[in-house]
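Single chain ahead, by itself, as structure tokens, in the form predicted on its own.
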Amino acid sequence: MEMWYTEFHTDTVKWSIKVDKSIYTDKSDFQRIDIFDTDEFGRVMTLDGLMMVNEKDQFIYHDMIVHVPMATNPSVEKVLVIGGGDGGTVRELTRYKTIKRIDMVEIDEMVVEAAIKYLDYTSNKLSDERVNLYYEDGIEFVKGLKDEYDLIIVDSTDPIGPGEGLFTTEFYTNCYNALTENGILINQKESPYYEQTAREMKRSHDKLSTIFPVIMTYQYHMPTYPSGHWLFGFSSKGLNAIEDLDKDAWNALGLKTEYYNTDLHVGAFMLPNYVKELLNA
């Protein structure tokens, strides 16, 4: 008997991949967690039936969420990751010897435990001595913090369920306050292609625009996410991701990446007209 994983990208669009074997399934207080093996994408994790991470294309997401801000400000020392339970964002951050502290706040401890047990390709650096794991609500974690982090990365699910509160004006304001003078906020900014995700992209952009003096958007190609065209938000208290890009400093680090490079860094901010129109509407 064949098994297939099917995800509805809209009410009238669905996407499927053949499953070789189910590895793990359970339900936490927040969501259903499934891990399974496939021929095409290797080992996969889904949350509530939505693709979160897979072995084949995870490097694209994690390269772009980490190396863009780090190449803009190579002096980052203290980082907060909100979400990111699979560990891939932390894995990329630990490659920077200049980073002294990485705090990861994940509301669902079961996701992290499953990733550590079954997803070594992303979770293998969660034991780094600079990493501090907090199993609590990231929304509450940032409240009251002042000038604490040089970089905050919101590695969140879509704005439904546990991820909903990570797209609010209050949360973005608290992140602004928690950042140092040259602080950068990177947030998962959805996709501009389908109506529902485009609406959430626009809502996030508008809220951030009322808080941060520098608001930028960059894109990446994620084959296993709906439409494949996805965005991150770059918000800062002053640094510009293009003008302040330190190509020489980043390239001197000699980091081997599969997707990111400093030419792509600049190109990722060159948005299609339909995305510009949506953001500026």
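Worth saying up front: this structure is predicted, and the values here are computed from it rather than measured. We number the residues from 1 along the sequence you see.
Separately, the form predicted in complex with another copy of the chain exists; it is not shown, and the next lines address it.
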- Query: another copy of the chain isn't shown here, but in the predicted complex which of Y176, F141, Y96, Y193 has a heavy atom within 4.5 Å of it?
  - Reply: Y193
- Just one of 232 to 240, 52 to 60, 25 to 33, 65 to 73 has heavy atoms within 4.5 Å of another copy of the chain in the predicted complex; which? 52 to 60
- Item | Distance check, T224 to another copy of the chain in the predicted complex, heavy atom within 4.5 Å | yes
- Do Q219 and another copy of the chain share at least one heavy atom pair within 4.5 Å in the predicted complex? yes
- Classify D39 as contacting or not contacting another copy of the chain in the predicted complex by the rule of any non-hydrogen atom within 4.5 angstroms, answering yes or no. yes
- Taking the shortest heavy atom distance, is G228 within 4.5 Å of another copy of the chain in the predicted complex? yes
- Contacts with another copy of the chain in the predicted complex - residues in 1 to 38 whose heavy atoms fall within 4.5 Å: W4, F8, T10, D11, T12, V13, K14, W15, S16, I17, K18
